[in-house]
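What follows is one chain in structure tokens, specifically the form predicted alone.
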């Protein structure tokens, strides 16, 4: 068995004395593991950081085997973000959530393309909105999408300000009424109304985090949401 494709490194863990088991996210083969010989060495290890783009050839005698990767570097993303106290934790969060949420070898082309674009956007312009929208795409592609198009109570498309923590549907200020205190705030940046300030992005992450913890995690056997995401939220909270 053999295939070749570019992929995003999600993680790499030591295997034996000098090899690594590398977890790639590819467009056609999904989240896919393989052994990289010499991956723990000084020359190879820097190429296997989360977020890196690789040209990888996977080989195995049988499809069910873990197989091995032969890799060529295409792009390193983490080094350019080393001085950014928010973008680097966001990169770690994105890669950790993909590793957490995706079934192995299940292709997710739309999510792959969105992940690729979001990683490239980190640290540039209004990237916090791009990251928030990426988490919405992750929830949608794993079966827990939110409906932010119209108010669940009145049907209105204007004045949306909240999300129901139970249904994941948007609610307007008028529709919320006395229930507003029980709803999750919907940041305006997700409605296309301006850039995401750190405080707005934090509101958005708390909203998506509710559904990651209450919907996605239970569906995966009550595994906890990766700590990398919490560290990103903490870094953002310090910037507010």
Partner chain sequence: MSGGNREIDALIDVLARLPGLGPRSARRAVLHMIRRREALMSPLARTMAHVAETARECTRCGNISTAETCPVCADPARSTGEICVVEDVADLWAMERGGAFAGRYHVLGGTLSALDAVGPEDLGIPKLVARVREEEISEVILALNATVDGQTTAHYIAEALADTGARLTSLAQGVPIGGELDYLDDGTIQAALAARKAF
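Residue numbers count along the first chain shown, from 1. As the structure is a computational prediction, the values presented were derived from the model and not from experiment.
Omitted from view is the form predicted together with its partner chain, to which the following refers.
Heavy atoms within 4.5 Å of its partner chain in the predicted complex map, among the stretches 180 to 188, 48 to 56, 198 to 206, 61 to 69, onto 48 to 56 alone. The shortest heavy atom separation between residue 84 and its partner chain in the predicted complex is within 4.5 Å.
In the predicted complex, at least one heavy atom of residue 80 sits within 4.5 Å of a heavy atom of its partner chain. Although the partner is absent here, residue 164 lies well away from its partner chain in the predicted complex, with no heavy atom inside 4.5 Å. Put simply, residue 216 is far from its partner chain in the predicted complex: not one heavy atom of it is within 4.5 Å. Residue in contact with its partner chain in the predicted complex (any heavy atom within 4.5 Å), chosen from 129, 98, 146, 88: 88. In the predicted complex, not one residue of 155 to 176 has a heavy atom within 4.5 Å of its partner chain.
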